[in-house]
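Here we start with a single chain on its own, the form predicted on its own, put down as structure tokens.
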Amino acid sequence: MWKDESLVGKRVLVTAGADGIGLEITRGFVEGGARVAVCDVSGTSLERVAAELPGVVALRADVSKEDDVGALFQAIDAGFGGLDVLVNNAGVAGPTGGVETLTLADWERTLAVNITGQFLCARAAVPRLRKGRSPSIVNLSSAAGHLGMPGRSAYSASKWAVVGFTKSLALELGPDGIRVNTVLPGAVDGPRIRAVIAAKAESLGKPLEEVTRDYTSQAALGRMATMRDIANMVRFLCCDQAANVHGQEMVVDGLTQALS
């Protein structure tokens, strides 16, 4: 990654930052000299990130639970004395299937993590960010947050909500100097998208190879994004090079115009 001194010493919280895209985002901030805390629901992932990145503060929390979020930010106060950056990365893939096949429990769980979790963390973070240094929030959405996605209505609905939440926060918090943006990844190669592809293939009764090919070729660049692609954009949005980037949807999808 590029060298940017503006991140040195910044206090950063990455939700679901111990695995997958979140872990790559965490690595990027550590490389930039930031002081980083992560939360996750997986104790195993937290142990692994603590071993790989010894300076990272690893905390267990489910962002969809108000009490967990309250305890998380108390720990941030105790360890960091405040906050400069919140990366709302936590999310779940949700169910795959036609709307008539979805259960209410699956629908509600998807929205609870993907949008209510962002609300709970932002609500707790804002009073701290107001006292922070060049403060910012980055909310993770998805290409499914500006395009429809057949068979993935719960996920897409939650990610559209993230965009609306971001735009509203940007208007609210701009006068406080808190920048708020959202990143919309396309298909990102890794275990989560492979699980989604497998579920989609089963739901449609199509060969796995065919559905995998659809996901790979839906971008004009003809490839999936990498986790580092997403981490690069998140890190950019939190540094001084992006000082006038606010309320934006930063799409990192190789130009995807229709989702499979």
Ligand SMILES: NC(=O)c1ccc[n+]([C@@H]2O[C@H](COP(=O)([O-])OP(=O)(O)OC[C@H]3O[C@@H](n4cnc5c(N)ncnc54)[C@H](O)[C@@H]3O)[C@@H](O)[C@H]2O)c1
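Note that residue numbering begins at 1 and tracks the sequence as displayed. Keep in mind that what you see is a predicted model, and the values were worked out from it rather than measured.
One more form of this protein, predicted in complex with this ligand, exists but is not displayed; see below.
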Determine which one of 203 to 211, 231 to 239, 36 to 44, 49 to 57 lies within 4.5 Å of this ligand in the model of the complex, judging by heavy atom distances; exactly one does. 36 to 44
Report yes if any heavy atom of Ala124 sits within 4.5 Å of a heavy atom of this ligand in the model of the complex; otherwise report no. no
Could you confirm whether Val188 comes within 4.5 Å of this ligand in the model of the complex, counting heavy atoms only? yes
Proximity of Ala16 to this ligand in the model of the complex, heavy atoms at 4.5 Å: yes
Quick check on Gly247: any heavy atom within 4.5 Å of this ligand in the model of the complex? no
Quick check: do Asn89, Val113 and Leu140 each get a heavy atom within 4.5 Å of this ligand in the model of the complex? yes
Identify which of Arg128, His146, Lys167, Arg109 has a heavy atom within 4.5 Å of this ligand in the model of the complex; exactly one of them does. Arg109
Members of 190 to 216 lying within 4.5 angstroms of this ligand, judged by heavy atom, in the model of the complex: Arg192, Ile193
